[in-house]
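One chain comes next, on its own, written out as structure tokens in the form predicted alone.
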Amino acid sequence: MKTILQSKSKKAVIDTDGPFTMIGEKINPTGRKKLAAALQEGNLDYVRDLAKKQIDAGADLLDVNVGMAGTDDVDYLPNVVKMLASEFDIPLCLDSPNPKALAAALPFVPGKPLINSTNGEDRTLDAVLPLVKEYKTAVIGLTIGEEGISNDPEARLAAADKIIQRATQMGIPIEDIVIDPLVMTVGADHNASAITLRTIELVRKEFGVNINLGASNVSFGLPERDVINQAFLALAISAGATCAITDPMKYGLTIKAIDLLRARDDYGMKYLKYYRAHPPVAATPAPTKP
């Protein structure tokens, strides 16, 4: 199944039978004080720099999240989207829990964006799905039910079922529905990753849709987060995940390697091309003692 996103002239295809899709995560002020300060000052130069670096690192889409405590993303999101759409030719993923912010920003997005997100709660479905329908976007559905986030993969599957049923009944094509099985930190619950992996398997078998991950959540609060994140990406992709909101600068080569090992890269050409464009930075040798 293919979920096709579009910018002014470029397509990004999330494909259950294709290579993994990277959605750049860096335009998100959560835990990024410099970005938060820049947004509050109305200075978009730092946002512009983050966008360029992620595109240069191989991002297929850019996630755009400007939500901060004490601010209104109804004002912030359209301004950032207008700048990105005018200066970069890459599909966007509008990331906001606020339907009013999405409605304010969507008229400024060329092509076909991805909305992040809705979930299995009636009030959220009622607010977000009409926007998906009106603007002909694709949408990420979080496997959250009316009772919140469940630790039972079957309950998460039921939330996915509800999202898909409601969306398709409105005429939204199933290929435009991307399910997010939820990635929680294993630092708080050692079963969290296994629950996510099982949910991926269930959703893929039941519906065959594309599956997104907020991949870096899995390692929060633990040492050597990159090691955990890379291991988790390999497991999740093998289970059926097809895209992730992640850091292309850190994990781009790892993802290309996973595609190669899963026979999603003929003769390793994409891996080699990526490696040549992004060679590892050599470590600075420690100074020798006289």
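Start at 1 and count along the sequence shown; that's the residue number. Predicted, not measured: the structure shown is a model, and the values here were computed from it.
The form predicted together with a small molecule is left out here; the points below concern that form.
- Only one segment in the set 192-200, 84-92, 146-154, 206-214 has residues whose heavy atoms sit within 4.5 Å of the small molecule in the model of the complex; it is 206-214.
- Not displayed here, the small molecule is kept clear of Tyr135 by more than 4.5 Å at the level of heavy atoms in the model of the complex.
- The small molecule in the model of the complex comes within 4.5 Å of a heavy atom belonging to Asn28.
- When contacts are judged by a 4.5 Å heavy atom cut-off, Ile245 counts as touching the small molecule in the model of the complex.
- In the model of the complex, none of the heavy atoms of Asn119 sits within 4.5 Å of a heavy atom of the small molecule.
- Of the candidates Val80, Leu102, Ile140, Ala160, Ile140 is the one whose heavy atoms come within 4.5 Å of the small molecule in the model of the complex; the others do not.
- For the marked spot (Arg32, Asp180 and Arg225), a heavy atom within 4.5 Å of the small molecule in the model of the complex is present in each of the three residues.
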